[in-house]
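Taking the form predicted on its own, here's one chain by itself in structure tokens.
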Amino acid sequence: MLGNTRLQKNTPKPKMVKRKRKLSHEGKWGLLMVSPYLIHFIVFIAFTLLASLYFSFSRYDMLNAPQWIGLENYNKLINDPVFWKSLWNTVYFTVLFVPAQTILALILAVALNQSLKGLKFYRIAHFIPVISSWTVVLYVADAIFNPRFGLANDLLVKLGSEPKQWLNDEALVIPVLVAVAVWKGIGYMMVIFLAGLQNVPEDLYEAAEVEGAGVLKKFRHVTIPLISGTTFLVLVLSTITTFQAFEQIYVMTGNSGDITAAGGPNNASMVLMLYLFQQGFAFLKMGYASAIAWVLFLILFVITLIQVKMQKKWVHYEK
């Protein structure tokens, strides 16, 4: 026994031979096919993300080399009243926009999921604002909310109320922007809800009718649970889109394309993306803008994480 142990200790261990794995012919073709996306990801996503993270700790004006300043940009954010105003406006915009668009899109999808004459026309009509540019939407919004000749003030005057300065009123500018954003984006969410509604099996409605369920009970106990996955998708997409709102507010509140004039009156419609763009491209404070971008990313990451955690309590998936 002792001899065997000594023999094992003295016996040299065999060298581990590393075998190089070679890609098969199919593997090489697969790598070749995905290489455009890999190059795009590395150059335009991964590199830019890392660069913006470095800039957020630097003083950088795009004309001179960035200078490392540590946490100075983030400390400046904490003491910047316009940043907090922008954050508050973004949250206010989101709280108004997401429930309004989700509920209205669902109602519209349910209505357009029926057997109606001219159904395709109605669906296309509601989708047209989605594919229209914000400049076109601006003209429509101006015809309604212009303080001198808009339809909204005409209606208020006929009802005996005072006309409003819609986009120039600090209390009204965000609700007006939300109303226009809902009108433009509701068609896209309607299509997503329509896809979810058409996947609900008809036999479940027939079984509910046999049990004596009416329209509202079928909607509450059959439709809503079975499209909960679609509703979750709409909520996540709407929240992310709203936190990144920029083009609409730039077009509707900017004065003749002047980026420094957008976000008024008195920063009442200044949101995070607009403030980021102003700091980075109008004032050439790219380091400060990068810090805003990373704070925005962290906020969206936490909100999405909360939504994913909470969806386990109310979203039903088919097993």
Partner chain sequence: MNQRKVMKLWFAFMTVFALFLAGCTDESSGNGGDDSEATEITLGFYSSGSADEKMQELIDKFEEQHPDIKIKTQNAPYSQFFQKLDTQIAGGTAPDVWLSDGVFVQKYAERGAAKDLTEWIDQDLNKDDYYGLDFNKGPNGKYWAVPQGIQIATLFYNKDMFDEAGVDYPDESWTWEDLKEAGAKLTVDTSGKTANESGFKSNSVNQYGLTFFSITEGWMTVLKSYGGGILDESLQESIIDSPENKEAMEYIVDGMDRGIFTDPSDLQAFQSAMSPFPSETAAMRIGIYARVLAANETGVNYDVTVLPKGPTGERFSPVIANSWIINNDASDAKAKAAWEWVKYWVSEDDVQKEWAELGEAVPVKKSVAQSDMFLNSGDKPANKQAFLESFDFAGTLDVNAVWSEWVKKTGDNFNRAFLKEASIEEALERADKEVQKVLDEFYENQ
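Numbering follows the first chain given and starts at 1. Remember, it's a predicted structure, so these values are computed and weren't measured experimentally.
If you look for the form predicted in complex with its partner chain, you will not find it shown, but the lines that follow are about it.
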### Query
Looking at the partner-bound form in the model of the complex, is Glu170 within 4.5 Å of its partner chain by any heavy atom?
yes
### Query
Is there a heavy atom of Ser52 no more than 4.5 Å from a heavy atom of its partner chain in the model of the complex?
no
### Message
I'd like to know whether Ser35 contacts its partner chain in the model of the complex, with contact meaning heavy atoms within 4.5 angstroms.
### Response
yes
#### Entry: 4.5 angstroms heavy atom contact with its partner chain in the model of the complex for Ile45
no
### Query
Heavy atoms within 4.5 Å of its partner chain in the model of the complex: which of the stretches 140 to 148, 217 to 225, 98 to 106, 202 to 210 has them?
140 to 148
### Message
Residue by residue through 59 to 75, which ones have a non-hydrogen atom no more than 4.5 angstroms from its partner chain in the model of the complex?
### Response
Arg59, Tyr60, Asp61, Met62, Leu63, Asn64
